[in-house]
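Coming up is one lone chain in structure tokens, specifically the form predicted alone.
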Amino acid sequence: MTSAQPPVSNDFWRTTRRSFTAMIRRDGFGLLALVVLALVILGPLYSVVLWAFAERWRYPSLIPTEFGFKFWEQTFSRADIAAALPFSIVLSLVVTALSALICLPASYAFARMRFRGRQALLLSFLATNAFPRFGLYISIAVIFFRLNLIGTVPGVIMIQLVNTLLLMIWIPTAAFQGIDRSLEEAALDVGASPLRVFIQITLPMVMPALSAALLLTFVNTFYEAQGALLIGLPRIVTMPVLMYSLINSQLVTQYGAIVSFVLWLPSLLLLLVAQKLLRGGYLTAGFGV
């Protein structure tokens, strides 16, 4: 029995090496791309998470030599953070609500009405995302300066509304377009009013897509920094704008890392919820309506 084990072991390792070599030859580029992608995405997160809990971290150590929560209390006791965080949340909620109020009726019209230039108008909402936004913000800032909107809350709200158009128009438009119209027609045939049909049939069917659009819009607005920086300063400071100074101008690295970590977790949860609600194809379906 003992003399038979080495040949079996040699065969096993020989087969394993051959299988591994074949896999590398077949999927080598994909594996390399996966490793690079993991390093690019997870590398910064690894650094942020470690810095958030590090009390002592010196070169050449790959991990902190001392962990703790000493800098957490210092971070959230800062007056600028205590003011910017709740203001950013309220601002994002206001922008999301205004965007829904403006865009949802427009998306319903895009889905149900046929008019000249409809497709071109839908595609025009890509303009804010097809080109670098900073150039667009500069042009808007010139107009806002003449209207005395620089450094005001209404100015920041208006500039952030620009970033919500794509999500709040395309996703609901595709959702309304995907509804089986026969259900609505059947309800109308039995005497239901158009308003009742919309509330009891149409709205529940599109609610998952609308919820996902609202969540994505809130997250996108909360993290918008360029427009808020250009239009809001010096009087209006949102959390992303404040993070510029915390990350780039502070000697204490933990301040920026802690704020980034705390803000990253809720956004991750919201995005996961949005992914559950949003079925594939809602965003790209706008090309075909």
Partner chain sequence: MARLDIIHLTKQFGNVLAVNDAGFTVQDSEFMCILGPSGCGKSTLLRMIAGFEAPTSGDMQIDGESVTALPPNKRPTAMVFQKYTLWPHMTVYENIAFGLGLRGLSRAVIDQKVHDSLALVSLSGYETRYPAQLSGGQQQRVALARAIVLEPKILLLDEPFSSLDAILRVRLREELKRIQRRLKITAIFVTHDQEEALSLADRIAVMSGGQIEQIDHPSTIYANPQTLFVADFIGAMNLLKASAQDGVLRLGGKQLTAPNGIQSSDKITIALRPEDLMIVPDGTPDAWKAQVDQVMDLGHYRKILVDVPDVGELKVYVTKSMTVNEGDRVSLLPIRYLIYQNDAAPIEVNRPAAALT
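Positions refer to the first chain, counted from 1. Since we're looking at a predicted model, the values are computed, not measured.
Absent from the display: the form predicted in complex with the partner chain. The rest refers to it.
The candidate stretches are 74 to 82, 212 to 220, 146 to 154, 181 to 189, and the one lying within 4.5 Å of the partner chain in the predicted bound form by heavy atoms is 181 to 189. Just one of A100, L122, V94, M205 comes within 4.5 Å of the partner chain in the predicted bound form, counting any heavy atom, and that one is M205. The partner chain is not drawn, but in the predicted bound form it has no heavy atom within 4.5 Å of P86. In the predicted bound form, no heavy atom of A111 sits within 4.5 Å of the partner chain. Interface residue remark: G117 is not counted as part of the site for the partner chain in the predicted bound form, having no heavy atom within 4.5 Å. With contact defined as any non-hydrogen atom lying within 4.5 angstroms of the partner chain in the predicted bound form, the contacting residues in 192 to 208 are A192, S193, P194, R196, Q200, I201, P204, M205, given in sequence order.
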